[in-house]
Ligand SMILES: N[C@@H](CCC(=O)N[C@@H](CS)C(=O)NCC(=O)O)C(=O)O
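A lone chain, given as structure tokens: the form predicted alone.
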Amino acid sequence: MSGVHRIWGAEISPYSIKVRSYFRYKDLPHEWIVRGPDNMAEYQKFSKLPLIPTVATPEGEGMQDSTPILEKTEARFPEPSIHPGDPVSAFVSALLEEFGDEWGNKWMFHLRWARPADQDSAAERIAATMAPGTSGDPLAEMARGIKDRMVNRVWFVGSNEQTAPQIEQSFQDGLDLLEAHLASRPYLFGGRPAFADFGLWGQVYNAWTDPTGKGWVEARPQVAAWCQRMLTPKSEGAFEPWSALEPTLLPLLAGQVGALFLPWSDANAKALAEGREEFSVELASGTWTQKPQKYHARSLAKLRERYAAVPDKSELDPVLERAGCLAWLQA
């Protein structure tokens, strides 16, 4: 189909629905393709790695990794922009987008595989996606295999006996902070979705599709409404100035990004650089111990490059300092 992007993904993938939400907001013609055995050969033409989402452009270019997909597409189709005009909001939005992708994924992935009800729900949905039309004992057997495999992979996001309570408390606190902020605006930066909305929403929405996460999100009606809104986001007004956002957005930035995400990211990057098999770091939530994660070191490097590229930091630095983020970005 000429002029149509194709998106291979799955509803249960937070990064896939993040990209789909973006394409819906930009009103870009696209085809949503649930990756499965019937379309695997075509999918593999555009994917260097066996990951979703994968996007095929109308020109035949393959794109992977949700953040670069949004950035490349935004460069080609800049209106309506997902980047606030003022430099403070623009950088904070990018920082929260990365926080959603990296730390928010800990919330979602841990919660999905921590309790039997969530494990069973997710495993059944993944099995149904992998083998459309399968039912009964074959589907149940496939779901059991997925459940056994995934429950043993929670270490990948740093979930273990020590960190599990910290992850769950961070999610509960994050939902409370989002509830307060979204009480007076439809999106994180005002009347239209920003870069941050897409990254953070993908994780929260996917948690909402699981039994435990559904209860947690629906206990915060403003967050639940945002989850629904972001499925097909529309502009309802302008971005707000940072002065209007700061009273309720700075607490999220300080309590989650400055106190947890960035110090964890820094410790993770240092552990990789030093070739360590495991690292521990003192966070505001307590001692955190896990195996280092390679991708997250690259994401921190990108954040620091983005910060360094801001030409005038005179307004931005005081905000980042108040949020406890500045030192980690200057490192």
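Since we're looking at a predicted model, the values are computed, not measured. Note that residue numbering begins at 1 and tracks the sequence as displayed.
Here the subject shifts to the form predicted together with the named molecule, a form of this protein not shown in this document.
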query: Candidate from 29, 50, 36, 58 lying within 4.5 Å of the named molecule in the predicted bound form - any heavy atom; finding: 50
query: Non-hydrogen atom contact residue 22 with the named molecule in the predicted bound form at 4.5 angstroms; finding: no
query: Proximity of residue 290 to the named molecule in the predicted bound form, heavy atoms at 4.5 Å; finding: no
query: Touches the named molecule in the predicted bound form: residue 268 (any heavy atom, 4.5 Å); finding: no
query: Heavy atom contact within 4.5 Å of the named molecule in the predicted bound form, the stretch among 300-308, 281-289, 60-68, 259-267; finding: 60-68
query: Interface residues of 284-311 toward the named molecule, as seen in the predicted bound form [heavy atoms, 4.5 Å]; finding: 295
